[in-house]
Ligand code: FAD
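Okay, here we've got a single chain as C-alpha cells, the form predicted on its own, with questions on binding and movement later.
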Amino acid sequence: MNENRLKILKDGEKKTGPVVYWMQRDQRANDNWALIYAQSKACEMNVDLRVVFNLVPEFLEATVRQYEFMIKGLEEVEQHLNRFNIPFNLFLGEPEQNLPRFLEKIHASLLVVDFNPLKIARFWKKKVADKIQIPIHEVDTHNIVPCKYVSDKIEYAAYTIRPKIKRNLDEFLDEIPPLLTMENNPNLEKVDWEKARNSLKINFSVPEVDWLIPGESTAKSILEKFINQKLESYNQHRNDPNLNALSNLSPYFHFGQISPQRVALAVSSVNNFPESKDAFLEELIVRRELSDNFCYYNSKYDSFEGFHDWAKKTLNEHREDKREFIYRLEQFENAETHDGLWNAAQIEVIKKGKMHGFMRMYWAKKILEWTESPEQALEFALYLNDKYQLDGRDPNGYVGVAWSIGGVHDRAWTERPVFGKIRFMNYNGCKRKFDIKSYILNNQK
C-alpha cells in the first residue's frame, strides 16, 4: 500500500495482541486498502486479525431503506471475510462504549480505521481514541488520491482540485492486491443478524427498494453491465432522466460496497468511447473527491454558514424577495407542489430511493425558490435527501445540495429574484433537454 494513504491518528502503547480493523465507511472485503493494511500489520507482527463493525440503533434520518441495504451488504462482508479465515464482529450500540471494551478484552495491539470526512464519524473516532491507549492508524481507501494528501485546504471548485488530483493519479491508481487467507485465527463466530435488526430504533415507514440488490457481488455485476451496455452512450445520454444511462453505483459507493478505485481501473481499461470515459471519470474521481475535500475542511458543510462568502452575500440581499409559492415540508414530501416535474422527481426518490442526478439539481433549486429562507431550503432538502435517498448522509449529497442552494463550487451568475447570483434552473430549461411529459408519466403516484 502507498504509505501516503496512511495517517497516524494516535501513537500508543506497544502490545502483542490482535490487529483490529474498525470498518465504517468502506464496507467490503475486497479492494479495501484499510483492510489490506490491517492484514499486513497483523502478518508483520504475527498476530491475529479481527474486523469489527459498530451498528448504531439510529443515525440521522436513515430509515429501514438505508439500514437494510447496509445490513445485507454487511452479511456478505462477513461471508467473504470468513472465507479468508478472518473473524467479523458486529457491535450494537454506541461505538465509544463498545470499541474500547472489546479492544481491552482481546488485548489488541493496533486499531486501523478507514477515512471519513463527516463530523459524526470523526466524533466517534475521537471518543474511542480518548478511551484507549493503543495506536490508531487511518487509511483512506475511499478516495483514489487520498483526501489529506491531495490538498491541505478547502478547494474552491473543481478547477482548483482537478490538476492536483490528476498529477497524482499515476501514483495512486494502481492495482489493488487480494486478501490473504489468515492462519491460526480464532473460531469464526456467526453474527446474529436478527438480533441486529431487532435493535434498530428507526423509521420503518420508508420501504426498502427491490430494483437494487445490495452487496459487493451485485455492485461488481452492475459495473460490468454499465461498461458493456451503457458506457458508450454515457456522455450523450447522462442528463436525460428518461434514459437508463447512469451507472447506478452511487448507493454502493456510499456504503463502500465497491471500491471507486476498482471502478476507475475497469473504466480506464476500456479502449473505446474516450468522451464517455472522460465524463464518467470526471464524476467518479474529481467531483466525488472534491466533495470529500469540502466536508473534511469545512465543518459547516451542512449549514448556510458553510457557503462561499459571495453566495451568502447575494442570498442575504434577496431574503425579502417575494416568493410566488411557499410550501411546507409536508407538501414537499408528499409531492404536492404546483410543478408536475418537481413532483415527479420527489415521487421518483420516494419509490426508488434514487433520483436522477440532473433532476436532483432542479429539485433542490426549486426548494430554494419555494421556501421562506435559504436556511429553510437547506433544512428541507437535506431532510428529504437523507430520508429517501439510498446514498443520503454522504459528502456528495451535502455538496450537491450546497451547490444547488448555496453556489458551492460554482460561480456567480446573472442576478435574479430570490436566487440572487446563484445559478438558476427552470422548467423550460429542462424541457429543452428531455421529454418532460414522459418523465412525469413514468413517475406518478
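Heads up: residue numbers just count along the shown sequence, starting at 1. What you see is a predicted model; the values in this text were computed from it and never measured.
Although not depicted, the form predicted together with ligand FAD is the subject of the following passage.
Listed residue that, although ligand FAD is not shown, lies within 4.5 Å of it in the predicted bound form (heavy atoms), from 327, 234, 172, 296: After the contact test, the surviving option is 234.
Interface residue in the predicted bound form among 137, 80, 277, 288, criterion: non-hydrogen atom within 4.5 angstroms of ligand FAD: Looking at 137, 80, 277, 288 one by one, just 288 meets the 4.5 Å heavy-atom criterion.
Stretch in contact in the predicted bound form with ligand FAD, which is absent here, among 335 to 343, 161 to 169, 351 to 359, 303 to 311 (heavy atoms within 4.5 Å): Flagged stretch: 351 to 359.
Distance check, residue 31 to ligand FAD in the predicted bound form, heavy atom within 4.5 Å: Because no heavy atom of residue 31 falls inside 4.5 Å of ligand FAD in the predicted bound form, the answer is no.
Ligand FAD contact in the predicted bound form: residue 109, any heavy atom under 4.5 Å: No.
Proximity of residue 368 to ligand FAD in the predicted bound form, heavy atoms at 4.5 Å: Result no; residue 368 lies far from ligand FAD in the predicted bound form.
Heavy atom of residue 378 within 4.5 Å of ligand FAD in the predicted bound form: Because no heavy atom of residue 378 falls inside 4.5 Å of ligand FAD in the predicted bound form, the answer is no.
Non-hydrogen atom within 4.5 angstroms of ligand FAD in the predicted bound form for each of 385, 397 and 401: Yes, the whole trio is in contact, each within 4.5 Å by some heavy atom.
Partner contacts in the predicted bound form for 116 to 134 (non-hydrogen atom within 4.5 angstroms of ligand FAD): The stretch 116 to 134, when checked against ligand FAD in the predicted bound form, contributes no residue at the 4.5 Å heavy-atom cut-off.
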